[in-house]
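Quick heads-up: it's one chain on its own, the form predicted on its own, in structure tokens.
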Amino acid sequence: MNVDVAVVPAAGRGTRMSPATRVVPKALLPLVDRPALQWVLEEAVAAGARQLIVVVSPGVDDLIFSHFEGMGGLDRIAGLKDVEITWVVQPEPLGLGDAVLRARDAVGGRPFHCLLGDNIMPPGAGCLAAMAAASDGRSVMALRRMTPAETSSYGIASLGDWLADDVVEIEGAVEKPGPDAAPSDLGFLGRYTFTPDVFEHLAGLDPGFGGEIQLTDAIRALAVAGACLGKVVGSAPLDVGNPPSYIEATTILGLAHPPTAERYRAFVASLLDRP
């Protein structure tokens, strides 16, 4: 499947990162030398996306727009040259599914990648191109093995037939079921390659878990229709949505990022050597 458009829901309020996000949007919190959202957009571009559709909240859209479109525009950002960003506002925080649905007109009937704005894949662990290659015309969800505790924090897939060692048909999905109700140990990690029929399922949803329109419910509908595959990947994303994991993500990226790696590695080693 050829995919040249990506949707990035980045409209979260960032309440878990307060007070840092009282004024600065969560998407603009810096990780090493660039905002979190920029890492995500560059991942999409590396996988072949040339149109990026970013869903933002009202009141912060101007700040995010200014970072990417101001001061010479995207041509001044090395990882985002020769791409177009379409900005879409989600008026109310009605859930991830609602945020994706807001991008429907901009997607325009094409298959698209969807990347969660507060999950960053570790360097070298991007999976979008492999997901597109795994498609046989169906949507493909990135899956990874979850610990029992993690099943309370992620959507979990119900599995059908395995088509390859790392590709499986998805028959259903449950939002944050917990270890006792989880249908498998494979959970969704925030990277999706959707066919446009996902919008029909999203448009017909009632509020689900947490009173929000859940993307997991649309995935379940795709699965019931036999239109959903899972691609198992080995790497967990870096969650930059809460302070402890944000610090961990900064360290991992700082140690891997060429301009900072050598000095930062020496600094971390010096800390570990202290009594």
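In case it trips you up, residue 1 is the first one in the sequence shown, and so on. Computed from a predicted structure; not experimentally measured.
What follows is about the form predicted together with ligand UTP, which we do not show.
Contact check for Ala142, Thr147 and Pro237: none of the three has a heavy atom within 4.5 Å of ligand UTP in the model of the complex. In the model of the complex, ligand UTP sits within 4.5 Å of a heavy atom belonging to Gly12. Using a 4.5 angstroms threshold between heavy atoms, Ser158 stays clear of ligand UTP in the model of the complex. At a distance threshold of 4.5 angstroms between non-hydrogen atoms, Arg16 is in contact with ligand UTP in the model of the complex. Contact check for Ala129: every heavy atom lies farther than 4.5 Å from ligand UTP in the model of the complex. Of the candidates Ser184, Ser135, Thr195, Gln90, Gln90 is the one whose heavy atoms come within 4.5 Å of ligand UTP in the model of the complex; the others do not.
The single contact residue among Ile85, Ala203, Ala125, Leu94, judged by any heavy atom lying within 4.5 Å of ligand UTP in the model of the complex, is Leu94. Annotated contact segment (heavy atom within 4.5 Å of ligand UTP in the model of the complex): 114-122, selected among 164-172, 114-122, 195-203, 71-79. Taking ligand UTP as it sits in the model of the complex, the stretch 124-153 never comes within 4.5 angstroms of it through any non-hydrogen atom.
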